[in-house]
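The chain below stands alone, shown as structure tokens; this is the form predicted alone.
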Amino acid sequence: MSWRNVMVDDGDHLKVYLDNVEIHKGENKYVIPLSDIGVIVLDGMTTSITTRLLAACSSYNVVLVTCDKKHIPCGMYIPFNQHSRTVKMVRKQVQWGENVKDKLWQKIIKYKIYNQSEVLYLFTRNEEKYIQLQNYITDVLPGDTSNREGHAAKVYFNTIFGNDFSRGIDCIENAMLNYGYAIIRAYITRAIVSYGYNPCLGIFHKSEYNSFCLADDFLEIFRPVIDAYVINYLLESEEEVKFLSQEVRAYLIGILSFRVRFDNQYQKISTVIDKFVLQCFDYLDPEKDNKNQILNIKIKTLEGIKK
């Protein structure tokens, strides 16, 4: 199982050496086994990589994330046809029932709001808003047709970051959140493809302009984990964080090694993603019964986060 996530800086050169990635950084050279790597983040405008290494990354199911000039992840290179029965799995995917998809989305949003309420209370101690979010949980309908997710998000972000905050404004909080979301999204996409499914066919997200609708569906349950990880850094930092420095980016990529509680034990979030995605596929599988016993939606956010 892969356990390393690699950030490559501007000006570095990458190539394959036997079954390893060889990174040339100035006069230094680093060699990492491809079998150890889950994600490589390519930062900077002059980083170079060989096509032979791209092919090797496909063989080892390594995801490559590219970043723009502001260091924000803007592209993803994912392996293709890594599952021996991709056609069979995609045919099964298009047959997922609407009712079961709506129920899965309801479960994901309920637990997302639950974790948002925990994050909100941890960092603000605002009991009124905490109770408001808790009340939203019982109102979430199959498919979240009453949009409790949207109402909860407004309360959640405005309570934590202030009433002037919006997810659309250009600020360090949003830059860090977007970076963290992009890293987790890439890893979820990697898991989806490895199980033979297509990341563009979602259970809730359906935009024809989005190639990662299913990854965005599964990402929702992990967003409060990323939020807490980012907020904690901003509070703990000795100096004001103004931009996505190399130190900040390295911290954000490190979230894949962050441990959360799942299945009654602490596990790396990258491991939890693999298990959670597989459970969702089993839940959606029309041939499998006892669906509530298949899916463990309880991913505890806050253990390990210190204020």
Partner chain sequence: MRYVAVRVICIFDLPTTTDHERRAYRRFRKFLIENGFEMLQYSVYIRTCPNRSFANKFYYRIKQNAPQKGDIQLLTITEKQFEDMVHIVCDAKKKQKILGSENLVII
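Positions refer to the first chain, counted from 1. Since the structure is predicted, the reported quantities are computational estimates derived from the model, not experimental observations.
There is another form of the same protein, the form predicted in complex with its partner chain; it is not shown, and what comes next is about it.
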| property | result |
| --- | --- |
| Single option in Gln279, Ser48, Ser257, Ser58 placed near its partner chain in the model of the complex, where near means a heavy atom within 4.5 Å | Ser257 |
| Candidate stretches 248 to 256, 48 to 56, 66 to 74, 235 to 243 - the one whose heavy atoms come within 4.5 Å of its partner chain in the model of the complex | 248 to 256 |
| Heavy atom of Asp19 within 4.5 Å of its partner chain in the model of the complex | yes |
| Asp285: touches its partner chain in the model of the complex, heavy atom cutoff 4.5 angstroms | no |
| In the model of the complex, Lys15 touching its partner chain (heavy atom, 4.5 Å) | no |
| Partner contact for Pro33 in the model of the complex: its partner chain, 4.5 angstroms, heavy atom | yes |
| All of Arg91, Ile192 and Arg223 with a heavy atom within 4.5 Å of its partner chain in the model of the complex | no |
